[in-house]
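Next up is one chain by itself, shown in structure tokens, the form predicted on its own.
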Amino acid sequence: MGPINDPSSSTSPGRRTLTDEQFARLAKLVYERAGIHFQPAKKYVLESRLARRLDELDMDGFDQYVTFLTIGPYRDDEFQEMFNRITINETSFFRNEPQLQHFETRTLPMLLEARKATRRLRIWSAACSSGEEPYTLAIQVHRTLGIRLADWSVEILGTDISEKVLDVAMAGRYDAYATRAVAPAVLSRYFRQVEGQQELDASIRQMVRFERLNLKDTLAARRFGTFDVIFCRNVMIYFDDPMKAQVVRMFHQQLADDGMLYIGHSESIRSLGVAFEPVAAPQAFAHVKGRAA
């Protein structure tokens, strides 16, 4: 997932202007609900993404919209609609190949050996966007276990704050851009062309379950239990340090003692005071769970 990607063109019919005061109120609401931190320099992103929404709602301006989000009878539904519009979910299959290679060749064999008594493996793709990441992990697990998969309980959970992208994920159909990094042999083995799109094989789709989750809601996340691997890539760069620390502490609590956390290549969790230790592997961006402080 890659929220808050700057648009190159942001004009729309009936474009409205977002004042500094309105921006401050709206940015506060977004932060309180999702932990997404909009700096003042990003005011135009909210303005451009939401101007058309004001037209659709026949609203006079952003004051009315902020009030609607605060005390309106459909404020929860509108928050969901707003998040769908202010986040850009840039992702694809097999994104960051060196990192996925580390997962498949190092972490996965280690965990399969460690779990051979229970034959249970749990993976969480946090902020999974439209599903390319958890489905990629499912393909890697599927081809690693092979015929042994029938003897294992493999649970892969994909969560995201946006219902819109989760609908795409559950449909399991993708365009050529999303599958551009998929090797031809993998494409022919795990996909079939349907109505101009690539549809995932049912054997992969049934390995992944999708749920809506706001990463700020740590209590809701706890119900998912403990995981052996957690992927959360290219999301925390949009959080401030308190929000990042909260999310990373949650991951620490819900990761198995020998589990692995993977983060994005431009993200760092070293200064957050949470007991994770980086793995000494180039381009892995992987962290093992250390002792709690």
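Just count from 1 along the sequence shown to find any residue number. In this text, all values refer to a predicted model and were calculated from it rather than measured experimentally.
The same protein also has a form predicted together with a small molecule, omitted here; what follows describes it.
With respect to the small molecule in the predicted complex, the three residues Arg122, Gln254 and Val288 uniformly fall beyond 4.5 angstroms at the level of their nearest heavy atom. Of the heavy atoms in Phe239, some are within 4.5 Å of the small molecule in the predicted complex. For Glu90, a non-hydrogen atom is located within 4.5 Å of the small molecule in the predicted complex, even though that partner is not displayed.
With a 4.5 Å cutoff on heavy atoms, Val186 does not count as touching the small molecule in the predicted complex; it lies far away. Although the partner is absent from this view, Val168 stays clear of the small molecule in the predicted complex, with no non-hydrogen atom inside 4.5 angstroms.
The contact with the small molecule in the predicted complex, taken as any heavy atom within 4.5 Å, belongs to Asn214 out of Asn214, Thr107, Gln198, Gln140. In terms of contact with the small molecule in the predicted complex, the residue from Met260, Ala34, Leu26, Val248 that brings a heavy atom within 4.5 Å is Ala34. Contact annotation: the small molecule lies within 4.5 Å of heavy atoms from the stretch 154 to 162 in the predicted complex, the single such stretch among 71 to 79, 189 to 197, 154 to 162, 202 to 210.
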